[in-house]
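Okay, so here's just one chain, in structure tokens, the form predicted on its own.
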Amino acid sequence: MAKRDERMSEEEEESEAESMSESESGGRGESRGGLDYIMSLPDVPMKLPPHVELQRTRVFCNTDAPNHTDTIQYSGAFASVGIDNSFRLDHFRKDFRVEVIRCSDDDMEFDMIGIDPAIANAFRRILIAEVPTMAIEKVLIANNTSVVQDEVLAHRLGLIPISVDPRLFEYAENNALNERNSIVFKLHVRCERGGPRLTVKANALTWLPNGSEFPLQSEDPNSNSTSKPKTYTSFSCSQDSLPEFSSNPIGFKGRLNDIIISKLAPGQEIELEAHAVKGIGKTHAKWSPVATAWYRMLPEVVLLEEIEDELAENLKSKCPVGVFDIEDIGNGKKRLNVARPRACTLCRECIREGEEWEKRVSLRRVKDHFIFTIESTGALPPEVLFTEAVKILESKCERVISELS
């Protein structure tokens, strides 16, 4: 009987332990499925409310200041409503696109859609400071009797864009100047006495494919004077014999030829030699390939109510860039519509007169849609500058990945 009672007590303890484990596992299951249960309720939204979605994707431009300018990037921002806000590469590939609006030899306008402001700003900074070009770095002045001082003259020469592809050259760094890392120009102009004043322009600079012609001062007085004198460059061959320059001579093309260097009075003269090397705008602005590179968020103009007749005429006359237009709807009535929202500069003239106008017109900016403009200096076409900026950003990302791995 005692053995039987012991066996029964052991079975009761085991059953109690099993029931406790089942209750604990059930509790954990309830905690795991709590969010799923809440999200399955009919009153819980599966998407962001419209006003929250607007705050997430738009900047509201009110009369006093813009609102909701921040970009929400962290993944748990909308976890309470079951929205995953984390970055997804597949979503980025689906949403991101580039649309070219216009492109010429000097400038380019395109839309970058589906990116963060930090990425857009990265492209702008790379275009200004990290895309390489060729620019005059050293100026050897033999004679300058013009009114322009030597330092100012050298500075002006350095800021003249050179029409040549910098990808064909190497960085000079501390190496001797040769046909692969430098370009040599010569300028020798004189205004004859008794003649009119002479305007010296960039087209007066002559390309020297064989390198420098100015001899170095020999330090050895007993050196053989019959030998070829050393110059400031060490060209092993002529640059015009290279295939990349034989059919495309180096110089200044188009309107770059008309850049004024100096003006000479009768009897004045300039003789110098200019050496151009490869560099980036981070070192000096003369190597920056763009006159400017900038972007703005896409404007969005929304009419919150129908505006007709005198109010429509009044609002149309307020806008200095012609965003609004008036259409005839019959019976002598006129209605205002938004014809050119892209032209809006957000001057806020349309909502400046009072709160009642803010209730009629809403000015916004789309946070992930950027209107990008590139104005080239003329050294490289704007479309080439953008592709080079993409390559530089790609190389930076690869460098970070390699360092972290």
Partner chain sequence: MEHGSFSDNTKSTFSLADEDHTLANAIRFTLNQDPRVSFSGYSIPHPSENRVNIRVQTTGAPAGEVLKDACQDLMMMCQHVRSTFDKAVSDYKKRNPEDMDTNGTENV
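Residue numbers count along the first chain shown, from 1. Quick caveat, the model's predicted, so the values are computed rather than measured.
Separately, the form predicted together with its partner chain exists; it is not shown, and the next lines address it.
- Out of the listed residues D165, E271, D240, E308, D165 is the one that sits within 4.5 Å of its partner chain in the predicted bound form by at least one heavy atom.
- When its partner chain is considered in the predicted bound form, only one residue from N143, S75, Q149, S246 comes within 4.5 Å through any heavy atom, namely S75.
- For the three marked residues, I136, V139 and L264, no heavy atom of any sits within 4.5 Å of its partner chain in the predicted bound form.
- At the 4.5 Å threshold, heavy atoms of R197 stay clear of its partner chain in the predicted bound form, well away from it.
- At a distance threshold of 4.5 angstroms between non-hydrogen atoms, F169 is out of contact with its partner chain in the predicted bound form.
- Looking at M108, you'd find a heavy atom of it within 4.5 angstroms of its partner chain in the predicted bound form.
- Under a 4.5 angstroms non-hydrogen atom cutoff, its partner chain in the predicted bound form lacks V321 among its neighbouring residues.
- Segments offered: 325 to 333, 309 to 317, 112 to 120, 178 to 186. Contacting its partner chain in the predicted bound form at heavy atom distances within 4.5 Å is 112 to 120.
- For the partner-free chain shown, N248, K253, G254 of 240 to 272 come within 4.5 angstroms of its partner chain in the predicted bound form, judged by any non-hydrogen atom.
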